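Consider the single chain below, provided in structure tokens and representing the form predicted alone.
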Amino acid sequence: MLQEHAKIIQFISLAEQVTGRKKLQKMIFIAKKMNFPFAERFRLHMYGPYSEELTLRVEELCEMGFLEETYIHKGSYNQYQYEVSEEGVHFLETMTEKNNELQPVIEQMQSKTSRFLELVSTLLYFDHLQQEEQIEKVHIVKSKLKFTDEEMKEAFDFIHKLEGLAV
């Protein structure tokens, strides 16, 4: 039962910390699309792919004391930061299945903004379509963000880079 919870703890441990609930959602979704074994189901939501299961697991992990959630007031909005607690580190030590191949993928995602990861994850959500159709879909469902052709190219380049790291 706690196997899926442990994967989330390990992910955040490898990232050292993740700032932003939206960023965490996008990073897990992208990792899943790179064939890392996350079980959470995602659906398209206001900010791209979203998993209610992931939200609930993170809340449970905070309640169990395995994750620390820090509330950061940023003036006009609030943000949450996640780190693995000491209890979470001890829990991870009992895990037999570790996924160190995830580290370089996480490092690449950590260096990107939530906005960029929203673009990447939305493109990946439509990865069953041809590239032109993916771009069209993103322009429809994310019209307010006005992604440029250059951002689209950068996102596809990033996806290819991650695919190379995830092999």
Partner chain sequence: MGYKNEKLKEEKVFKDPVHRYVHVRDKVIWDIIGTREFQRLRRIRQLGTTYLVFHGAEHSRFQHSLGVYEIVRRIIDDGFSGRPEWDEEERLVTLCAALLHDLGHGPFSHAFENVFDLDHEEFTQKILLGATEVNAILRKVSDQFPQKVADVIDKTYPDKLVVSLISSQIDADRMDYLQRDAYYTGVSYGHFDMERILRVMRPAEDQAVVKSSGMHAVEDYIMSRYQMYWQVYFHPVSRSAEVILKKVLHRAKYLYETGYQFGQAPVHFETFFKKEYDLEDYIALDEGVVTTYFQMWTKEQDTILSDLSARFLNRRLFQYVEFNPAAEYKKLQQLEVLFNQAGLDPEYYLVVDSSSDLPYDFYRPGEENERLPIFLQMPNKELREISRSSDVVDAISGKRRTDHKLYFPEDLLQTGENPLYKEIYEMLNK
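Positions refer to the first chain, counted from 1. Everything quoted here is computed from the prediction, not taken from an experiment.
Form predicted in complex with the partner chain: not shown, discussed below.
Asks: Under a 4.5 Å heavy atom criterion, is Lys146 part of the interface with the partner chain in the model of the complex?
Replies: Flag for Lys146 set to no.
Asks: Do Phe29 and the partner chain share at least one heavy atom pair within 4.5 Å in the model of the complex?
Replies: Answer no; every heavy atom of Phe29 is more than 4.5 Å from the partner chain in the model of the complex.
Asks: Since only the chain is shown here, I'm wondering whether Gln108 would be in contact with the partner chain in the model of the complex (any heavy atom pair within 4.5 Å).
Replies: No, Gln108 sits far enough from the partner chain in the model of the complex that none of its heavy atoms falls within 4.5 Å.
Asks: Residue-level question: is His45 within 4.5 Å of the partner chain in the model of the complex, judged on heavy atoms?
Replies: Judged by the heavy-atom cut-off of 4.5 Å, His45 is in contact with the partner chain in the model of the complex.
Asks: Have a look at Leu102, Ile135, Val141, Met34 for me and say which one sits with a heavy atom within 4.5 Å of the partner chain in the model of the complex.
Replies: After the contact test, the surviving option is Val141.
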